[in-house]
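Shown next are two forms of a single protein chain, provided one at a time as structure tokens under the names structure 1 and structure 2.
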Structure 1
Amino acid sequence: MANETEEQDLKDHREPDHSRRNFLKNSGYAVGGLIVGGVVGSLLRSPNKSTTNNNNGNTTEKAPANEAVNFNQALMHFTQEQFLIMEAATERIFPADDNGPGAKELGVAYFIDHQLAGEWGLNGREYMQGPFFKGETTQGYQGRLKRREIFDIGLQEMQNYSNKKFQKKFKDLTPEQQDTVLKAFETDEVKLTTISASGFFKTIFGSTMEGAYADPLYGGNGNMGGWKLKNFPGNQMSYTKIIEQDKFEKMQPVSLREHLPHS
């Protein structure tokens, strides 16, 4: 069932341990049919154990105490299904390569999730009063939908298109198939009634750049990995000494965190 693989994916690379995931994974949960719930109680672990067996026989351990856990890597807006589409799509837009990390490792999908949860997702500082009319392209976005809603619709449509074309969910497609879907959106080959497919693609692309390169305080650009790719030094106080210099200066980047005295 659809859910199980998603749960497994999340488990594979992020979540140290979570009983509920196993619970859900094994619960035979389904949507669309009449069976909407069901549980095998023995799969629930006692809350005090720090390890658990999933039914593949793997044991997942809690992260070692000396390894910093990034508690910020959880979802504020996306559902897990949406998150997995977002993560796969941004990784295709900005893939890991010889240059260094891609969107997934940089945490771009978390960045987008967190941004959508706030003012940006609600178009909080944009003029959203009616009346709403279709305008010329030169007049810019004239829809009534807020970014959150556009992402909700856009991601669902990506899933629908994947299912229709490849009979699989977007995140289960091969990278080449995922590119086919993204291109279909980029070129408006997908026809949508509510939002512009290419407009949605542009938004995803822009958000990917933001998530790769914004200060890590927002949850993307993990370990300043995006900055390192571009040799961008981050938050430096002064370039007076190098401004006239011919030689390219490679510096260890610094984030805004360093700008606050952490006692």
Structure 2
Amino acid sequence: MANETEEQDLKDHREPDHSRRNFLKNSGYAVGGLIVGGVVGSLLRSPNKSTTNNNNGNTTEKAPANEAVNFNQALMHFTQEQFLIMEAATERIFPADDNGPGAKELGVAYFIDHQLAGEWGLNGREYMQGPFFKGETTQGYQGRLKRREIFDIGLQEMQNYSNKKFQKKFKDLTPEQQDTVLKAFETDEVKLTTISASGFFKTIFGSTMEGAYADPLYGGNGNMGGWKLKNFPGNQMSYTKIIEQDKFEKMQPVSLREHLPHS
């Protein structure tokens, strides 16, 4: 179960000077440049080139272009329905407000999709052999399912719960109803047999923060909006001109992509 600060983050109504974005700006989760592994090679392509999802040998339907950022990216793991659920859920966790863009505009759902298509989604650098036993709370996940399988199950269960409780798909719910669904997962009100509902919520929450603040090279943090929100400079080549200054120097952020050779 998330702590009280995270619970406050999921409340829909707030005072103007206590927005959820203010929480995120000061949260320990909001670490610029946090990378969890993934599909660097595929993301070095030109942003105008599309890729296909080969999970089942079929071409994946292209995700809708983001009007504000125009990501023009193709899905690499999610189906169209999964993507829309993920996009709506991450926007409720990291919503747009007067302080800056939300998860949808930052392309967080694309970031998660791309991570699931790579080693992170396959638990490629983790020991995943049996026997499997329930671990202590300090040991983290101890099961046989890979992350991409957990997301597939979790998103379907979110859809099922939305249909059962509100007779609508998750993406079609009101923001208040979407918060109700997310809260039900966060508190384990939803009883699942294959995965932990609260564990899935924590994974979504962490992945949302990573997608908002990771280098744009990895598919999220559109227009470096997450970095600009925190005045994070990104990946500068050098700080020699300002390192001796006693005052804070606000710098235009720079992505790793800017240091790559351009054809």
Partner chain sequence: MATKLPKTDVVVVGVGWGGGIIASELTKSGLNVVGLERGKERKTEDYYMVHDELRYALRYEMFQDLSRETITFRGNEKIRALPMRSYGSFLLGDGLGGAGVHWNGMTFRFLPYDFQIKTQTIERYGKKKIPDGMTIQDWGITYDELEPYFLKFEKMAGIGGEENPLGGKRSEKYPTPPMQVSPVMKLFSDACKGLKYHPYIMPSANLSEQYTNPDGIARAACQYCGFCERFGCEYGAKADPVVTVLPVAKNTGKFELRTHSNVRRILHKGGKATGVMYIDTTTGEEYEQPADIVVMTSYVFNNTRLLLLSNMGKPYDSKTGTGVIGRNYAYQVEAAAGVGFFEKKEFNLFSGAGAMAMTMDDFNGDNFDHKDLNFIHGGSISYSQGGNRPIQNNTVPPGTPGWGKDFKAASIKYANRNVSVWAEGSCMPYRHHFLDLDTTYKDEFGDPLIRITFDFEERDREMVKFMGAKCGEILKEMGADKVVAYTEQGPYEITHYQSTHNTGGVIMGDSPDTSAVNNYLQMWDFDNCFVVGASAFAHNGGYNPTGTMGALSYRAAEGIIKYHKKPGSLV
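Just so we're on the same page, residue numbers count up from 1 along structure 1's sequence. Take the two forms, find the largest set of C-alpha atoms that superpose within 1.5 Å, and that set is the rigid core. What you see is a predicted model; the values in this text were computed from it and never measured.
As summarised for this chain, the second structure is the form predicted alone, and the first is not. After superposing the rigid core, the Cα of Q236 is displaced by 2 Å or more between structure 1 and structure 2. For E249, the CA shift between structure 1 and structure 2 after superposing the rigid core equals 2.5 Å.
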